[in-house]
Ligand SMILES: Cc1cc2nc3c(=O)[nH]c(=O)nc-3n(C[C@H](O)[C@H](O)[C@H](O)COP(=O)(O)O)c2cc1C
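Consider the single chain below, provided in structure tokens and representing the form predicted on its own.
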Amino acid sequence: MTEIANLYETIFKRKSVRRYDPNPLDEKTLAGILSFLNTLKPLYGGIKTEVKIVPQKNVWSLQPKAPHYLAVFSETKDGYLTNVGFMMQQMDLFLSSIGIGACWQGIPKLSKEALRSSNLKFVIVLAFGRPAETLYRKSISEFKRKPIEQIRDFAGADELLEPARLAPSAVNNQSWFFTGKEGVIHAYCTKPKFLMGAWIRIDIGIALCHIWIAAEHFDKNVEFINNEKVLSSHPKGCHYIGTLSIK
């Protein structure tokens, strides 16, 4: 529970770090990161994933460079992108909680050597390293996010949905929407524009991770299910992702 508490607290101050100390992290720190990787909770248990630490020399990117990258590989089953977002946001928060900067990067490409390290599909990278800028936000007011009224149409679950509101997303698109009632939250992502389709599916996984961490923080049990009845009644312009049953 101490670890969950640390992740929960980090939600309200983390930011995407874009400038890094170019020096590699020490071996002890990298070993701790690898150890935490083995504890990541998946959203869907039946999807095989692999996460590998890749050095800067094996990553091509126009985005600011970091000394290390977590390269994520996955089976391409239904929900795999949302699963990647859910799992790796745990890593993003963990890194921030131990003083390491991190940033989701969807554009970078891996070297042939790095791609050959897994038989699964390469999905995305999480850049990380010692920050060369301020690691945390000073207050929630520094988050540029939609008001909570724009991401949900019901009351009574804001202690869980406020963390989702603060979640990072590609180009700050904030492509999530929630409906529901007490003990039930239906999660949706907005229909993608242009080339945003894959990123939007990852983004909703990130937001769901924040909801799960908040629920754990408040000693609530969460089950993620698909509700076929909801499929036919989703909000206009949205895709149904799944339902959170919270007790």
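Counting begins at 1, following the sequence as shown. Only a predicted model underlies this, so the values are computations on that prediction, with no experimental measurement involved.
Quick note: we don't show the form predicted together with the named molecule, though the next part is all about it.
Proximity to the named molecule in the predicted bound form, defined as a heavy atom within 4.5 Å, holds among Q105, Q90, S97, S74 only for Q105. Taking a 4.5 Å heavy atom cutoff to the named molecule in the predicted bound form, the contact residue among A170, I151, L110, A157 is A170.
Annotated contact segment (heavy atom within 4.5 Å of the named molecule in the predicted bound form): 7-15, selected among 235-243, 21-29, 7-15, 221-229. Within this chain, A114 is remote from the site of the named molecule in the predicted bound form, having no heavy atom within 4.5 Å. A residue is said to contact a partner when one of its heavy atoms sits within 4.5 Å of a partner heavy atom; Q63 meets this definition for the named molecule in the predicted bound form. Proximity of I124 to the named molecule in the predicted bound form falls within the 4.5 Å heavy atom cutoff. Among heavy atoms of Y188, none comes within 4.5 Å of the named molecule in the predicted bound form.
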